[in-house]
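Just the one chain here, laid out as C-alpha cells, in the form predicted on its own.
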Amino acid sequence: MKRRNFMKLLSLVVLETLVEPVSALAMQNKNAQIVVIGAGISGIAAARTLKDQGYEVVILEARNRIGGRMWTDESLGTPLDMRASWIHKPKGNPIAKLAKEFNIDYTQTDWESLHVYSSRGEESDRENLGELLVKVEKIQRKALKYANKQDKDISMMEAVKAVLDIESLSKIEKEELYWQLSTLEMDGAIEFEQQSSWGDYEDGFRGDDVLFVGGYRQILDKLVVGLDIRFEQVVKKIEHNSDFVEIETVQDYFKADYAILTVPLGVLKQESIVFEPVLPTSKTKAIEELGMGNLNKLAIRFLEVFWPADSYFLGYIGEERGAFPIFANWATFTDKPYLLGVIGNSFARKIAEWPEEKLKSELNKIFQKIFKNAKPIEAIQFSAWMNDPYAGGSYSFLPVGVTGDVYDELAKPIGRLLFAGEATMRGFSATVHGAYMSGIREAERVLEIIIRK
C-alpha cells in the first residue's frame, strides 16, 4: 500500500537553496530582534537558523510544550506520536538528514505488510488483497490521467469512479476497495469527494517510509537546544508596519524588528488573532479557500499482545466508511502491547465527541469479534486535532477547484511580518519536511532583508 501517491515532479534545487548556509553579509546588524510565533517544527527551524547566525530570537508558544502538531505523548507508558510519525521518502529528505546528524534511530515500514479483517470478523485473503492493492494503484494512475485531461478540476472520487465500474464488483470486492480508498484519503486528511484531483503533490525524495519508534520529539529536543521559548503565550493581536512588529499575547507585549508567524492554517481560519492593519484580501481569501483536513491518532494500550505480531499493520473494514481503518502494530516495532490507529475525516469528527468509555467499548467489540482471545483495552489516547484551538485540524489540503496558488499567497510576507508552516509550502504541504523547509525559507528571507538594509 503506497503512501504519498499522486506525485508530481518538483526540483531538488529548491531544497538545496533552502538549506544552503546564508551569506556572511547576514552577520551584520546583530541588533535586529526577531519574534517567531509558534514552536512547531517550522517555528523551531526558523529560530534555529536565525540563532545560529547570531541573532536574538524569541519563540512565543501558546501551549506548554514544543512541537505543535508534532506531539510525542508518553502518557500510556511508551512514546507514541499523536500526529506526525513517519518520514515520507527519506532519501534526500531534510528530516532524515537531521535524524542521521543527531544519531536518532528509525525503522523502515512496509505498508503492504498487513492483516485485514472485515466487520464480520473474517480475515481477507492475503493473496487476493495483494492483488487488490496493485489494482487500486493502477486505478489511481488512471484516475489522475483522466482528471488531468479535464477542462476543470474534479474531485478524486469523481476521477476514480470515471475509470472504475464500481457496480460490477462483488460485495466483498466493494468493501475492500472502499477500505483501501479510505486509507488513501488520509494523505489529504479529507474524503476523496472533497479533494482536488489536480492537488498539491510532492516529489523529489525517494525511498520507503520510515518510522520514529522513539517519537519525533527526539528531533525537536535537539533542535531547540539554546533557543528562548516562552510558553503559554497565546497571541491575541499583531500590529505591523514598516518600522516594527508588535505582538500582544494574553500575558505580555513583544516588540520586534521582524516576526515570523507559523501558526497552523486552522488557527488562521478561526480568526482568533487580530491583525492591524488587516491582512490583504488576497491572503484572507487564500486562508478561506484552502482546506484544513482532519487526521487523528488513536493510541491503545493492552495488557498483552493477542493479535498477529508478524505484520506492520492491522486493517479493519468497518460497516461505516473510515471506521478504524488501520492500526500500526507496535508489537512488531517494539514488542510492546500497543496499537496506534490512524483515523480521519468525518468518522474522526464523530468519535471525537464520544466519551472515552464509549470509545473503549466500541473498540473492544471490534477486537473481540476479530480475535477470540482478545483482551480488554487498558487505556487509550485520542488526538482530536480538529477540536484543538491551537491546531484547528491536522494539515492543509486543496479542495476541488482551488489551485496551488493559495499556498504561494499564504507564503507572501507583509513588510516585516513573514509567514511559515506547511500550508505555505507549495509542493511540500501537509508534511513535516515541508513545514521545516518553510521555516528555513522565512529565516533566510529575514536575513536577506537585513542584508539589503
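One-based numbering along the sequence shown. Quantities reported herein were computed from a predicted structural model and do not represent experimental measurements.
Keep in mind the form predicted in complex with a small molecule is missing from the figure; the text below concerns it.
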query	finding
Contact of Arg63 with the small molecule in the predicted bound form (heavy atom, 4.5 Å)	yes
Ala435, heavy atom within 4.5 angstroms of the small molecule in the predicted bound form	yes
Partner proximity in the predicted bound form: Leu80 to the small molecule, non-hydrogen atom cutoff 4.5 Å	no
Contact label in the predicted bound form: Leu314 to the small molecule, heavy atom within 4.5 Å	no
Every residue of Ala39, Val263 and Trp385 near the small molecule in the predicted bound form, heavy atom within 4.5 Å	yes
Proximity to the small molecule in the predicted bound form, single hit among His115, Lys283, Arg217, His88 (heavy atom within 4.5 Å)	His88
Selected contact from Val234, Ile287, Leu169, Ala379, since only one has a non-hydrogen atom within 4.5 angstroms of the small molecule in the predicted bound form	Val234
Partner-facing stretch of 296 to 304, 172 to 180, 118 to 126, 316 to 324, counted where any non-hydrogen atom is within 4.5 angstroms of the small molecule in the predicted bound form	296 to 304
